[in-house]
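Starting off, we have a lone chain in the form predicted alone, written out as structure tokens.
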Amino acid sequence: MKTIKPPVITSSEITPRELFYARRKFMQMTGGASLAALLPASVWAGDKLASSKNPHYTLPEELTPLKDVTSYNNFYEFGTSKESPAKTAGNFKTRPWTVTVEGEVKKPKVFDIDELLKLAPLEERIYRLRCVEAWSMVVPWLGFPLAELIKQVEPTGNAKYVEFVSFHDPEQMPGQKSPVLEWPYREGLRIDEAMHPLTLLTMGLYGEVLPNQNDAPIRVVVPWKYGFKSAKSIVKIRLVEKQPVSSWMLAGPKEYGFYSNVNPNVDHPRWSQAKERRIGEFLKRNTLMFNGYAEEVAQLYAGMDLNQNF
């Protein structure tokens, strides 16, 4: 396997800077109205998604402003700086879009994105998002448990892991012309992680469909792991028997492990993970074990050495 040295993240990227690109302006600039015409009326109302708030998944913390959530992003397919995705993702076409689910399943299927939107009721869940570069957000995501999709294809007894494959088109995603990663982007979870109720198949945020720069039109959110574990712009989900090799593991195996759980006791080789800076705040705060979701997920890793299985 070819190993590509991951890029050095500068301090200017770790520390939030002034953010200028508001969501409404972005939609106006990138033809949001024309995208609305492609969606069924039952799904699209302006740029809103119909959903209900799940009272079991909320936080006593201030939400990160929409303008920050949509303009400070890690999405290397559109560039390595945090501001690049909002500037370069405007022409990304998210319709038509299908997601293939295959591998160790009894009923492999190709799902249309609008079919997925109707597969289960969409709910709003407020989750923390913690990135490996020591910054974090609090975002109201819209989606439903990934387990609902996996159940549809009936996994076999050999399905031990779930691999996600992201969209690949360097003409639409200019960052893919860079060798910073081997494309397409790939990520993976253990099957019990993928089936956990917290793992969200996500189509929106802040009541709206996912903006292009926020991994449209469909992504996974795994809130107790670092953000790069949440696969973006998914086109294929494969249930497999052997642990898949994710893109960041391939790029920097000594820096990015398969599990990538938020653990303040395990430093990244180039910076500490003990503290984080919430976007929009000046002072740092202590990083929480499993990003604050230890009560829900710690049992998944009982008996494991989390310093070795990082």
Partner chain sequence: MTFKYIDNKSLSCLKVVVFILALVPLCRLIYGGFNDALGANPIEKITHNTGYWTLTFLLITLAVTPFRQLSGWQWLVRLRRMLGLFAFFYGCLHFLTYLVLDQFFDWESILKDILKRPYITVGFPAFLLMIPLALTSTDAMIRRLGGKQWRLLHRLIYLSAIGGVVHYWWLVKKDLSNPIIFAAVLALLLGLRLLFWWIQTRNRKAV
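Numbering follows the first chain given and starts at 1. Everything numeric in this text was worked out from a predicted model, so none of it was measured.
Only in words, not in the display: the form predicted in complex with its partner chain, which the text now covers.
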{"query": "Candidate spot Lys82, Trp135 and Val180, all three touching its partner chain in the model of the complex (heavy atom, 4.5 Å)", "finding": "yes"}
{"query": "The unique member of Tyr72, Phe78, Trp141, Phe167 whose heavy atoms fall within 4.5 Å of its partner chain in the model of the complex", "finding": "Tyr72"}
{"query": "is_contact(Ser272, its partner chain) in the model of the complex, heavy atom dist at most 4.5 Å", "finding": "yes"}
{"query": "Contact flag, Tyr256 vs its partner chain in the model of the complex, heavy atom cut 4.5 Å", "finding": "yes"}
{"query": "Non-hydrogen atom contact Arg285 with its partner chain in the model of the complex at 4.5 angstroms", "finding": "no"}
{"query": "Asp68 within 4.5 Å of its partner chain in the model of the complex, heavy atoms", "finding": "yes"}
{"query": "Partner-proximal stretch of 82 to 90, 141 to 149, 216 to 224, 99 to 107 relative to its partner chain in the model of the complex, 4.5 angstroms, heavy atom", "finding": "82 to 90"}
